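Consider the single chain below, provided in structure tokens and representing the form predicted on its own.
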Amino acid sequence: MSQSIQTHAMARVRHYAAQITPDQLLRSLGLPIVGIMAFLLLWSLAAPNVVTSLGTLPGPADVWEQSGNLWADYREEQQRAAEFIAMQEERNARILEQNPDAEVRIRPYSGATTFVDQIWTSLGTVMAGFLLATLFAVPLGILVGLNQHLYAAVNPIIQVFKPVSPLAWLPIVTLVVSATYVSDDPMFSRSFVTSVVTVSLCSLWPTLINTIMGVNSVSQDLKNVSQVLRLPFLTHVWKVVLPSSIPMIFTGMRLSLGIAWMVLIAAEMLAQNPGLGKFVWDEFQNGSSNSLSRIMVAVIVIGFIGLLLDRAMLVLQKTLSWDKSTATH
């Protein structure tokens, strides 16, 4: 059975490969490679001519070297953590051997935060902020889209707050969080909460606006059918409104996620949430000879993760949307 499935899969791969023309292969693979190589060449030629207070601008080779160093730091810290846990396990085993009723515990490793750890921190923060914005924007967008009077009341507020920069929101959010998020044993750090709220405030608008537009674009024929069938409000939303407006909602969510990722870096710099933004700020403040190269590594990683997040949203949109033509770019 498995052999037949494998044979069928190989046959499909050969079939699709045979349909790819040389022109399509050039556009999809050849030209991007040429563009990347040209960019790296120009970067290599221009970098030595840009002199800063920390030295010349690092070229691709310097950035590649520092990316390897950052990865080595992460692996070294992982090794230390494993040795720390193993040492405690050995100690606990000796204690239990002498006294089986003894209470033993293993303390978590609290070593230095590495670049990879900061990547995961930023991803967790941006997803928390994005989900919070989505949970607020989609239901509100549906309600506003279904009620023209509510739309007339809410639209001025949207237009006023939509262009506000995260740098303007951050001081207000910081003060509000400091005043309201008071606990002796908080579940999350204040810097994390501040970053999440700032990301949500700046990224919810595309989802909100596109949800309203999607609801307004529902076919009048579908609305008439819903009225004839006297569907309850929630059934009308679930069966009629959502299926028709999902393409627009996902377009807004893709835009919101991109904005959330850009806003996050600035928020982490100022709120000192231990993510990529704080890494860039710390390296800038450090001022060592390797700081510029490390900042460039962070810039490339930030851009690459942003691309991956957008592609992930595109795949999700293709999976859930009935209108596949809206999810091709």
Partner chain sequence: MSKHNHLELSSVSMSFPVKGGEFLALDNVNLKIAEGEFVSLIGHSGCGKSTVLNIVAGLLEASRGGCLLDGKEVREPGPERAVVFQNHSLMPWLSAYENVELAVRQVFRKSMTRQQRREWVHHNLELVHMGHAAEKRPDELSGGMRQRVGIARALAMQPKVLLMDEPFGALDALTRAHLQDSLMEIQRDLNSTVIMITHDVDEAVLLSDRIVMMTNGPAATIGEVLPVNLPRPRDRVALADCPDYNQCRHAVLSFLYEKQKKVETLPRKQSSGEGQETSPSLRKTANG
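Positions refer to the first chain, counted from 1. Bear in mind the structure is a predicted one, so any value in this text is a computation, not a measurement.
Separately, the form predicted together with the partner chain exists; it is not shown, and the next lines address it.
Participant: Among the candidate residues 171, 232, 108, 186, which is the single one with a non-hydrogen atom no more than 4.5 Å from the partner chain in the predicted bound form?
Facilitator: By the 4.5 Å heavy-atom cutoff, the listed residue in contact is 232.
Participant: Between the options 224, 178, 217, 99, which residue brings a heavy atom to within 4.5 Å of the partner chain in the predicted bound form?
Facilitator: Exactly one residue meets the criterion: 224.
Participant: Using a 4.5 angstroms cut-off on non-hydrogen atoms, would residue 239 count as touching the partner chain in the predicted bound form?
Facilitator: So residue 239 counts as contacting the partner chain.
Participant: Just checking whether residue 157 would be counted as a contact of the partner chain in the predicted bound form - the rule being heavy atoms within 4.5 angstroms.
Facilitator: No, residue 157 stays farther than 4.5 Å from the partner chain in the predicted bound form.
Participant: Is residue 258 a contact residue for the partner chain in the predicted bound form, using a 4.5 Å heavy atom cut-off?
Facilitator: Residue 258 lies outside the contact set for the partner chain.
Participant: Can you tell me whether residue 92 touches the partner chain? I mean in the predicted bound form, with a 4.5 angstroms heavy atom cut-off.
Facilitator: Result no; residue 92 lies far from the partner chain in the predicted bound form.
Participant: Counting only non-hydrogen atoms, choose the one of 242 to 250, 187 to 195, 160 to 168, 142 to 150 that falls within 4.5 Å of the partner chain in the predicted bound form.
Facilitator: Only one stretch passes the 4.5 Å heavy-atom test: 242 to 250.
Participant: Could you list which residues of 256 to 294 come within 4.5 Å of the partner chain in the predicted bound form, counting heavy atoms only?
Facilitator: Residues within 4.5 Å: none in this stretch.
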